[in-house]
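Next up: a single chain in structure tokens, the form predicted alone.
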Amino acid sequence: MEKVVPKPEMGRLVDLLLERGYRVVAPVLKEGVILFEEVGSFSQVARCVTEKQDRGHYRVEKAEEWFGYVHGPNSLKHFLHPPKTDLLKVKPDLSQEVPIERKRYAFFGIRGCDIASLRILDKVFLGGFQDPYYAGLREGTFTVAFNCTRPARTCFCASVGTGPFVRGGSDLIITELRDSFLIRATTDEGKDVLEELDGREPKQRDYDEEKELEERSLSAMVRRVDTRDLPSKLLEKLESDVWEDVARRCLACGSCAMVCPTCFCYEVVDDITLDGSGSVRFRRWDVCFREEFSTIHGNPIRKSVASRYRQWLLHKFSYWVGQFGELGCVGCGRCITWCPVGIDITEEVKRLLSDG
């Protein structure tokens, strides 16, 4: 089902989702950054701004398009696999599991890379291992994806097949045209919502404009990764000097893993009150850049920064394929933008492939 709707109908779309009981998560402009946050109305959604992103650089500027931006540092992972999740509360006379949280999220204004990240996280948490905490937040999710017509300079989604235009996996897929939106519903839930929006049947000029926007978006993407046989090629570079060269620049801060929409590692911690009257067991995000991450019997296996960066990059582009059947990178470019020293994963992959 397809429909071209006038721009003011976007407000109606958000209202419909709220009326249906969804907790709407959308991009908002907050302290100069685009962030995904829960909103109570369309007036809170970021509009008429774009982003300037590059190595360790992020700025927001005014734009003519309503949704001429890509994304900021956070992702849907922050809502479905939160940074901290309480598991168990313990007192001297009582041990009580924390109830599994259940929410019906509607994710509005997400891009193809983030749609792909949902598919990957589903494999991680709902594949062979069923994680009840993720499942409680993921069940009943509704997605409104926007085709990306102005990718950031750090984006390379075309290389890994996740964008810039969305090919599926979302209830509604929207392309912003000059004066309207072309909306496609790909699920029954999406059709029910789209039917309530005012609009008209698409015409050939709408499809032509959309095609031009897609071609412009593809040509604007300056970063690329050659993924042909990439997992096996990278395994041949385990002893490359490139790893040590990266380590001399890398701060091992873990920022790249924190902003990555697919990194899923966590640790379980027991936090005891000072007076010993109780404790809480919780899980929180962890990153493979910590030396303690690989500790076994008090001895870290990956002691050097080079070995830890190698673990992270190879997990994204090699090991992940063996685990889950696809790359662990969706080409969103967040790790490039939010690296404080501007390490570019696409350049490091190129250097590795050409080394030796």
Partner chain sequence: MDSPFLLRKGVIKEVIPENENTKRFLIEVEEFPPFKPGQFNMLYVYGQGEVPISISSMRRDLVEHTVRLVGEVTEDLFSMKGGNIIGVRGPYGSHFPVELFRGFDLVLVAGGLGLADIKPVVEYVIGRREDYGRVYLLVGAKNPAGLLYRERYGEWMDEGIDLLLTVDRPEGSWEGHVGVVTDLFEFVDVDPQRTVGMMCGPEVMMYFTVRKFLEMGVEESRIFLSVERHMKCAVGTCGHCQFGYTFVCKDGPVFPYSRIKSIFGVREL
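By rigid core we mean the largest C-alpha set that fits within 1.5 Å across both forms. All figures in this text were calculated on a predicted structure; none of them were measured in a lab. Numbering follows the first chain given and starts at 1.
Beyond what is shown, the protein has a form predicted in complex with the partner chain; the following relates to that form.
Comment: 238-246 is the region of 103-111, 176-184, 201-209, 238-246 lying near the partner chain in the model of the complex, near meaning a non-hydrogen atom within 4.5 Å. Of the listed positions (133, 146, 79, 142), a single one reaches within 4.5 angstroms of the partner chain by any non-hydrogen atom in the model of the complex, namely 133. Contact check at 4.5 Å (heavy atoms) against the partner chain in the model of the complex: none of 42, 62 and 220 pass. Proximity of residue 228 to the partner chain in the model of the complex: non-hydrogen atoms within 4.5 Å are absent; the residue sits far from the partner.
At the 4.5 Å threshold, heavy atoms of residue 83 stay clear of the partner chain in the model of the complex, well away from it.
Although the partner is absent here, residue 293 sits close enough that one of its heavy atoms falls within 4.5 Å of the partner chain in the model of the complex. Among heavy atoms of residue 270, some come within 4.5 Å of the partner chain in the model of the complex. Shown without its partner, the chain has 310, 311, 315, 319, 322, 323, 324 in segment 310-324 as residues with a non-hydrogen atom within 4.5 angstroms of the partner chain in the model of the complex. A displacement of 2 angstroms or greater separates the C-alpha positions of residue 88 between this form and the one not shown, with the rigid core held in common.
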